[in-house]
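Taking the form predicted alone, here's one chain by itself in C-alpha coordinates.
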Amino acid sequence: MRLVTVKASGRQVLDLLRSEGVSLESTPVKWFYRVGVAGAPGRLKAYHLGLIYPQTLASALPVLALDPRPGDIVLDLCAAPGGKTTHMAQLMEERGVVVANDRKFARITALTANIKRLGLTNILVTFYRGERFPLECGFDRILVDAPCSGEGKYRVGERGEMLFSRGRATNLPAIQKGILKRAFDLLRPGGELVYSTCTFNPEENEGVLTYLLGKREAQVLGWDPPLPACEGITEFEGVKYDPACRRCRRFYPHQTDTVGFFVARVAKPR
(Lines give C-alpha, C1' and ligand atoms only; values in the text may rest on other atoms or scores of the structure.)
Protein backbone atom coordinates (compact mmCIF):
# COMPACT_ATOMS: atom_id res chain seq x y z
CA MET A 1 0.00 0.00 0.00
CA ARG A 2 1.24 3.51 -0.86
CA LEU A 3 0.57 6.54 1.31
CA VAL A 4 -0.55 9.54 -0.75
CA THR A 5 0.83 12.70 0.82
CA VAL A 6 -1.07 15.29 -1.23
CA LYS A 7 -3.90 16.10 1.19
CA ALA A 8 -2.19 15.11 4.43
CA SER A 9 1.26 14.31 5.79
CA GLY A 10 2.55 10.76 5.93
CA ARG A 11 2.30 10.81 9.72
CA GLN A 12 -1.35 11.85 9.59
CA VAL A 13 -2.16 9.06 7.13
CA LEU A 14 -0.38 6.47 9.29
CA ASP A 15 -2.24 7.65 12.39
CA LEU A 16 -5.59 7.34 10.59
CA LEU A 17 -4.79 3.83 9.35
CA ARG A 18 -3.72 2.69 12.80
CA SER A 19 -6.88 4.14 14.31
CA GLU A 20 -8.81 1.77 12.01
CA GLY A 21 -6.81 -1.21 13.22
CA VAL A 22 -4.49 -1.54 10.24
CA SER A 23 -1.12 -3.12 11.02
CA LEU A 24 1.75 -1.59 9.06
CA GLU A 25 5.24 -2.80 8.23
CA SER A 26 7.76 -0.43 6.68
CA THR A 27 9.57 -1.26 3.39
CA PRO A 28 12.73 0.06 1.69
CA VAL A 29 10.53 2.17 -0.61
CA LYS A 30 9.36 5.59 0.57
CA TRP A 31 5.59 5.78 1.24
CA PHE A 32 5.12 2.02 0.74
CA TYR A 33 3.99 -0.25 3.58
CA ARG A 34 3.03 -3.87 3.86
CA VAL A 35 -0.33 -3.96 5.59
CA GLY A 36 -2.58 -6.36 7.41
CA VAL A 37 -6.21 -5.44 6.73
CA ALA A 38 -9.34 -7.34 7.74
CA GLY A 39 -11.22 -7.06 4.45
CA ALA A 40 -10.58 -4.98 1.34
CA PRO A 41 -8.60 -1.71 1.64
CA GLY A 42 -11.52 0.01 -0.10
CA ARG A 43 -13.49 -0.14 3.15
CA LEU A 44 -11.05 2.20 4.92
CA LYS A 45 -11.66 5.90 5.48
CA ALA A 46 -8.15 6.62 4.22
CA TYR A 47 -9.06 5.06 0.88
CA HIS A 48 -12.20 7.15 0.37
CA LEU A 49 -10.35 10.29 1.45
CA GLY A 50 -7.72 9.66 -1.23
CA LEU A 51 -4.91 9.11 1.26
CA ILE A 52 -3.84 5.62 0.16
CA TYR A 53 -3.43 3.65 -3.05
CA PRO A 54 -3.47 -0.16 -2.77
CA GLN A 55 -0.66 -1.56 -4.93
CA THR A 56 2.15 -4.07 -4.79
CA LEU A 57 5.62 -3.08 -3.67
CA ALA A 58 7.12 -4.21 -6.98
CA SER A 59 4.91 -1.81 -8.92
CA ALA A 60 6.94 1.06 -7.44
CA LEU A 61 10.12 -0.16 -9.15
CA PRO A 62 9.52 1.20 -12.70
CA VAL A 63 8.70 4.63 -11.26
CA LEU A 64 11.78 4.64 -9.04
CA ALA A 65 13.93 3.67 -12.03
CA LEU A 66 12.45 6.51 -14.12
CA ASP A 67 12.96 9.01 -11.27
CA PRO A 68 10.57 11.75 -12.42
CA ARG A 69 11.37 15.13 -10.87
CA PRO A 70 9.45 18.35 -10.22
CA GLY A 71 9.10 20.33 -13.44
CA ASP A 72 9.49 17.34 -15.78
CA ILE A 73 7.15 16.67 -18.70
CA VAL A 74 6.38 12.96 -18.32
CA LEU A 75 4.38 10.45 -20.35
CA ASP A 76 2.87 7.26 -18.95
CA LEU A 77 2.06 5.50 -22.20
CA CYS A 78 0.06 2.59 -20.73
CA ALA A 79 -1.27 4.30 -17.64
CA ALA A 80 -4.53 2.73 -16.42
CA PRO A 81 -5.59 2.14 -13.72
CA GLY A 82 -3.17 4.79 -12.47
CA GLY A 83 -0.95 3.38 -9.72
CA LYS A 84 2.31 4.35 -11.41
CA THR A 85 0.84 7.55 -12.87
CA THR A 86 -0.21 8.86 -9.49
CA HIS A 87 3.04 7.71 -7.89
CA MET A 88 4.97 9.80 -10.43
CA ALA A 89 2.78 12.84 -9.81
CA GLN A 90 3.41 12.45 -6.09
CA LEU A 91 7.19 12.23 -6.57
CA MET A 92 7.01 15.34 -8.73
CA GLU A 93 5.21 17.21 -5.93
CA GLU A 94 2.53 18.12 -8.49
CA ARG A 95 5.01 20.33 -10.35
CA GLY A 96 5.42 19.62 -14.05
CA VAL A 97 2.99 17.51 -16.07
CA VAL A 98 2.20 13.81 -16.27
CA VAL A 99 0.37 12.78 -19.44
CA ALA A 100 -1.50 9.57 -18.62
CA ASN A 101 -2.45 7.64 -21.74
CA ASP A 102 -4.37 4.42 -22.29
CA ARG A 103 -6.02 2.78 -25.30
CA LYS A 104 -9.11 1.27 -23.63
CA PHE A 105 -12.03 3.49 -22.67
CA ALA A 106 -13.10 1.28 -19.75
CA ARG A 107 -9.61 1.58 -18.30
CA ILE A 108 -9.63 5.35 -18.85
CA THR A 109 -12.68 5.49 -16.57
CA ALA A 110 -10.78 3.73 -13.77
CA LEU A 111 -7.74 5.94 -14.37
CA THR A 112 -9.65 9.21 -14.08
CA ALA A 113 -11.54 7.96 -11.02
CA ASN A 114 -8.27 7.26 -9.20
CA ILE A 115 -6.77 10.62 -10.17
CA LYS A 116 -9.84 12.43 -8.83
CA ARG A 117 -9.96 10.35 -5.65
CA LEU A 118 -6.35 11.22 -4.83
CA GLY A 119 -6.85 14.90 -5.67
CA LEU A 120 -3.88 15.19 -8.04
CA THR A 121 -3.84 18.26 -10.27
CA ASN A 122 -0.87 17.85 -12.65
CA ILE A 123 -2.14 14.86 -14.68
CA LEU A 124 -3.56 15.11 -18.20
CA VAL A 125 -5.43 12.04 -19.54
CA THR A 126 -5.26 11.03 -23.22
CA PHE A 127 -6.83 8.23 -25.24
CA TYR A 128 -4.53 6.79 -27.94
CA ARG A 129 -3.06 3.47 -28.94
CA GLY A 130 0.44 3.59 -27.50
CA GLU A 131 2.16 2.83 -30.79
CA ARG A 132 0.23 5.71 -32.43
CA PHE A 133 0.67 8.43 -29.81
CA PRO A 134 1.14 11.77 -31.67
CA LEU A 135 4.77 12.57 -32.43
CA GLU A 136 4.22 16.33 -32.18
CA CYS A 137 4.89 16.09 -28.45
CA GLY A 138 8.25 15.66 -26.74
CA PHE A 139 8.87 14.34 -23.23
CA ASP A 140 11.67 14.40 -20.66
CA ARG A 141 10.77 10.97 -19.28
CA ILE A 142 8.46 8.20 -20.45
CA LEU A 143 7.17 5.11 -18.69
CA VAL A 144 6.19 2.09 -20.78
CA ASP A 145 4.65 -0.39 -18.36
CA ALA A 146 3.66 -2.60 -21.23
CA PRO A 147 0.73 -5.01 -21.54
CA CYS A 148 2.22 -8.45 -20.94
CA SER A 149 1.51 -12.09 -20.14
CA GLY A 150 1.68 -11.36 -16.40
CA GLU A 151 3.77 -14.37 -15.40
CA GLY A 152 5.10 -12.43 -12.42
CA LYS A 153 1.62 -12.59 -10.90
CA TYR A 154 1.21 -16.35 -11.26
CA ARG A 155 0.53 -18.13 -7.98
CA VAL A 156 0.08 -21.78 -7.01
CA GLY A 157 -2.31 -22.77 -4.24
CA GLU A 158 -1.71 -25.21 -1.39
CA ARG A 159 -3.10 -28.06 -3.50
CA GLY A 160 -0.94 -27.23 -6.49
CA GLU A 161 -3.71 -25.45 -8.39
CA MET A 162 -2.96 -22.32 -10.43
CA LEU A 163 -4.49 -19.34 -8.64
CA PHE A 164 -3.73 -16.84 -11.40
CA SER A 165 -2.84 -17.24 -15.05
CA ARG A 166 -3.48 -15.33 -18.23
CA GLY A 167 -4.08 -16.63 -21.72
CA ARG A 168 -2.03 -15.39 -24.68
CA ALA A 169 -4.51 -14.67 -27.43
CA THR A 170 -2.39 -11.95 -29.06
CA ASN A 171 1.19 -11.49 -30.23
CA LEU A 172 2.35 -9.53 -27.21
CA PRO A 173 5.99 -9.02 -28.27
CA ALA A 174 4.85 -7.38 -31.52
CA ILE A 175 2.61 -4.98 -29.58
CA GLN A 176 5.35 -4.25 -27.04
CA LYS A 177 7.91 -3.52 -29.76
CA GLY A 178 5.60 -1.03 -31.44
CA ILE A 179 4.85 0.77 -28.19
CA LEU A 180 8.50 0.91 -27.08
CA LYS A 181 9.73 2.23 -30.43
CA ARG A 182 7.10 4.99 -30.42
CA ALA A 183 8.03 5.86 -26.83
CA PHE A 184 11.69 6.26 -27.79
CA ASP A 185 10.72 8.50 -30.71
CA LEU A 186 8.71 10.66 -28.30
CA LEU A 187 11.70 11.28 -26.03
CA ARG A 188 13.52 14.57 -26.22
CA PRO A 189 17.30 14.31 -26.80
CA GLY A 190 18.86 13.50 -23.44
CA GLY A 191 15.57 12.07 -22.15
CA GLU A 192 15.06 8.71 -20.48
CA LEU A 193 12.41 6.02 -20.57
CA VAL A 194 11.70 2.91 -18.55
CA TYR A 195 10.35 -0.25 -20.12
CA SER A 196 8.77 -2.64 -17.63
CA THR A 197 6.59 -5.73 -17.50
CA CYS A 198 5.31 -8.04 -14.79
CA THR A 199 6.39 -11.15 -16.69
CA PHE A 200 9.50 -13.34 -16.86
CA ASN A 201 9.24 -14.20 -20.57
CA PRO A 202 12.47 -13.08 -22.33
CA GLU A 203 10.58 -12.59 -25.61
CA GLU A 204 8.60 -9.81 -23.89
CA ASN A 205 11.58 -8.37 -22.02
CA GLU A 206 15.13 -8.68 -23.35
CA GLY A 207 13.76 -9.58 -26.78
CA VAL A 208 11.77 -6.35 -27.03
CA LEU A 209 14.70 -4.29 -25.76
CA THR A 210 17.08 -5.93 -28.25
CA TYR A 211 14.62 -5.01 -31.02
CA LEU A 212 14.73 -1.34 -29.98
CA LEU A 213 18.53 -1.35 -29.84
CA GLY A 214 18.60 -2.66 -33.40
CA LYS A 215 16.23 0.06 -34.64
CA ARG A 216 17.34 3.15 -32.72
CA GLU A 217 20.48 4.67 -31.18
CA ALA A 218 19.43 3.88 -27.64
CA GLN A 219 21.57 3.41 -24.55
CA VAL A 220 20.66 0.97 -21.77
CA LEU A 221 21.47 2.43 -18.35
CA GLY A 222 22.29 0.65 -15.12
CA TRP A 223 20.23 1.01 -11.97
CA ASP A 224 20.66 0.20 -8.27
CA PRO A 225 17.16 -0.82 -7.04
CA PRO A 226 16.00 -0.93 -3.40
CA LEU A 227 14.95 -4.61 -3.65
CA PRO A 228 16.98 -7.75 -4.46
CA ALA A 229 17.39 -8.16 -8.22
CA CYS A 230 19.13 -10.20 -10.90
CA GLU A 231 20.73 -8.98 -14.11
CA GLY A 232 18.90 -9.21 -17.40
CA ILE A 233 19.76 -12.27 -19.48
CA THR A 234 21.64 -12.33 -22.76
CA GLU A 235 20.63 -15.80 -23.99
CA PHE A 236 17.65 -18.11 -23.52
CA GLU A 237 16.94 -21.41 -25.28
CA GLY A 238 19.46 -20.64 -28.00
CA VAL A 239 18.23 -17.09 -28.66
CA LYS A 240 20.84 -14.39 -28.01
CA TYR A 241 19.98 -10.90 -26.79
CA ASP A 242 22.01 -7.70 -26.86
CA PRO A 243 24.80 -7.75 -24.21
CA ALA A 244 23.49 -4.42 -22.88
CA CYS A 245 20.49 -6.33 -21.50
CA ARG A 246 22.69 -7.25 -18.53
CA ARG A 247 22.04 -3.73 -17.24
CA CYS A 248 18.31 -4.50 -16.95
CA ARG A 249 16.92 -5.81 -13.69
CA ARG A 250 14.76 -8.87 -13.04
CA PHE A 251 12.81 -9.15 -9.79
CA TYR A 252 11.64 -12.57 -8.64
CA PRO A 253 8.89 -13.20 -6.05
CA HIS A 254 10.98 -15.66 -4.01
CA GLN A 255 13.60 -12.92 -3.52
CA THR A 256 11.34 -9.91 -2.95
CA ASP A 257 8.09 -11.35 -1.53
CA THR A 258 6.12 -9.38 -4.10
CA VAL A 259 5.08 -9.58 -7.75
CA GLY A 260 7.76 -10.44 -10.33
CA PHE A 261 8.96 -7.58 -12.57
CA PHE A 262 11.36 -6.70 -15.37
CA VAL A 263 12.72 -3.13 -15.51
CA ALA A 264 14.97 -1.52 -18.15
CA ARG A 265 16.24 2.09 -18.22
CA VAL A 266 16.92 3.55 -21.66
CA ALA A 267 18.41 6.92 -22.60
CA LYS A 268 18.22 8.89 -25.84
CA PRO A 269 21.55 10.55 -26.76
CA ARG A 270 21.67 14.32 -26.96
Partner chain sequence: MYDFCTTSRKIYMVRRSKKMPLLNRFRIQQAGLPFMRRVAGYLKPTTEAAQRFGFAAKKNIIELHENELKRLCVEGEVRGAWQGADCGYVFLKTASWIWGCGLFLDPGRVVCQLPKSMKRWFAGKL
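Residue numbers count along the first chain shown, from 1. Because the structure is predicted, anything quoted here is derived from the model rather than measured.
Form predicted together with the partner chain: not shown, discussed below.
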The partner chain in the predicted complex: contacted by all of 181, 232 and 254, heavy atom 4.5 Å:
no
Could you tell me which of 76-84, 170-178, 195-203, 124-132 sits within 4.5 Å of the partner chain in the predicted complex, going by non-hydrogen atoms?
124-132
In the predicted complex, residue 240 touching the partner chain (heavy atom, 4.5 Å):
no
At 4.5 Å between heavy atoms, is residue 51 in contact with the partner chain in the predicted complex?
yes
Against the partner chain in the predicted complex, would residue 24 count as a contact residue? Criterion: heavy atoms within 4.5 Å.
no
I'd like to know if residue 106 sits close to the partner chain in the predicted complex, meaning any non-hydrogen atom pair within 4.5 angstroms.
no
Note: exactly one of 44, 57, 65, 227 sits with a heavy atom within 4.5 Å of the partner chain in the predicted complex, namely 44
Stretch 107-123: residues contacting the partner chain in the predicted complex, 4.5 Å heavy atom cut-off
112, 115, 116, 117, 119, 120, 121, 122, 123
